[in-house]
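In structure tokens, one chain follows: the form predicted alone.
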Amino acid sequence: MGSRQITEKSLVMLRSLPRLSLANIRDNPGSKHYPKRGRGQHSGDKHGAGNKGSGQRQNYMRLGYETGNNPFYLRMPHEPYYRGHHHRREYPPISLLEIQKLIDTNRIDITKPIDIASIVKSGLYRFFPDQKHFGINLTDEGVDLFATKINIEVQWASELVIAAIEKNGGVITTAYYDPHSLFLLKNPKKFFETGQAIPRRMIPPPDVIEYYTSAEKRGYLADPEKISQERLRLSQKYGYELPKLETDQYFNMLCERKDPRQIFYGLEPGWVVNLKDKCILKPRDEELLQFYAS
């Protein structure tokens, strides 16, 4: 057979074969060798798990173990600042600018006192008492744009925020709520449906009692006369004329404040709110009245 015939036969064979692609290529037979499991090196006495300890008794290393290296928590120096960080109170922030937006969009009624329940009801502020959230931290973002007369109760506020609210003729109060009271304020309907009596608000713990009794911070346990003096001092410091609350048409609303043991506006401790019958049950027994008294 000549070379020409061989070439033609090869071309005929190539035309009949499928075209080369990733779907029809494979390795040459015998080109790959897969290792086989051999005999154990230690005669099967410890099965490669070492000698006693956690390496032999569980299929994972303990948390923080770095296979013999000096672990991270020993390499880093001691930082006392972080001691008890998981017990510290947190105050999710909301700015004056956001409060102004809520007022402009009619999500908050300024003809009534504003507390954490009315802000949560707007649907644009979220907090979680089970995650060490203890209320609202009112920040000074948008302090130059805030121009509304309100009576607001928060849990933390700076001096600039207090000055911005009082400059517009408003009133601000910082008040403490225990975690159980915050759960009630977050979802009052869920609590009222249980049929339980409204509990008393707990007093502040020792580490924050100084803050909430300070007239400078507008604490709800501060002396009203000292608060009036601090209002005047703050207006002189920032150079604005302090509006007179006595001649204001919303004087009653601006002066409305909760009792230190009260959780909801208009509802006293010990009352039972019946949503089904749309009525309020008040205690009459002398022992109950004495127990729920402030």
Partner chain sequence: MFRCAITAIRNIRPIFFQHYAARIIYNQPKSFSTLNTRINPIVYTGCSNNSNLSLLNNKQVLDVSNNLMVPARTVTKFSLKKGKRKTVKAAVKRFLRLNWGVWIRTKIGRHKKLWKKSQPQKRRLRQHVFVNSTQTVLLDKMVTKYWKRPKYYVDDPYEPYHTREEFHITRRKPRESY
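Whichever C-alpha set is largest while still superposing within 1.5 Å between the two forms counts as the rigid core. Note that the structure is a prediction, hence the values are computed from the model and not measured. Numbering follows the first chain given and starts at 1.
There is another form of the same protein, the form predicted together with its partner chain; it is not shown, and what comes next is about it.
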TODO: State the residue from Lys217, Lys167, Lys101, Lys121 whose non-hydrogen atoms include one within 4.5 Å of its partner chain in the predicted bound form.
DONE: Lys101
Open item on the list: Only one of Gly64, Gly239, Gly68, Gly30 gets a heavy atom within 4.5 Å of its partner chain in the predicted bound form. Which one?
Closed with: Gly64
Task: Contact check for Tyr73, Tyr82 and His133 against its partner chain in the predicted bound form, heavy atom at 4.5 Å - done: yes
Open item on the list: To test your reading of this chain, name the stretch in 177-185, 107-115, 73-81, 192-200 whose heavy atoms come within 4.5 Å of its partner chain in the predicted bound form.
Closed with: 73-81
Open item on the list: Using a 4.5 angstroms cut-off on non-hydrogen atoms, would Glu90 count as touching its partner chain in the predicted bound form?
Closed with: yes
TODO: Give a yes or no for Leu97: in the predicted bound form, does one of its heavy atoms lie within 4.5 Å of a heavy atom belonging to its partner chain?
DONE: yes
Open item on the list: Please tell me whether any heavy atom belonging to Phe146 falls inside 4.5 Å of a heavy atom of its partner chain, as the geometry stands in the predicted bound form.
Closed with: no
Task: Any non-hydrogen atom of Glu210 within 4.5 angstroms of its partner chain in the predicted bound form - done: no
Task: Neighbours of its partner chain in the predicted bound form among 156-185 [non-hydrogen atom within 4.5 angstroms] - done: Trp156
Open item on the list: Quick check: Arg88 between the shown form and the other one - does its CA shift reach 2 Å or more after fitting the rigid core?
Closed with: no
Open item on the list: After core superposition, I'd like to know whether Lys189 moves between the shown form and the other one (criterion: C-alpha shift of 2 angstroms or more).
Closed with: no
Open item on the list: Rigid core superposed, CA of Gly123 - does it shift 2 Å or more between the shown form and the other one?
Closed with: no
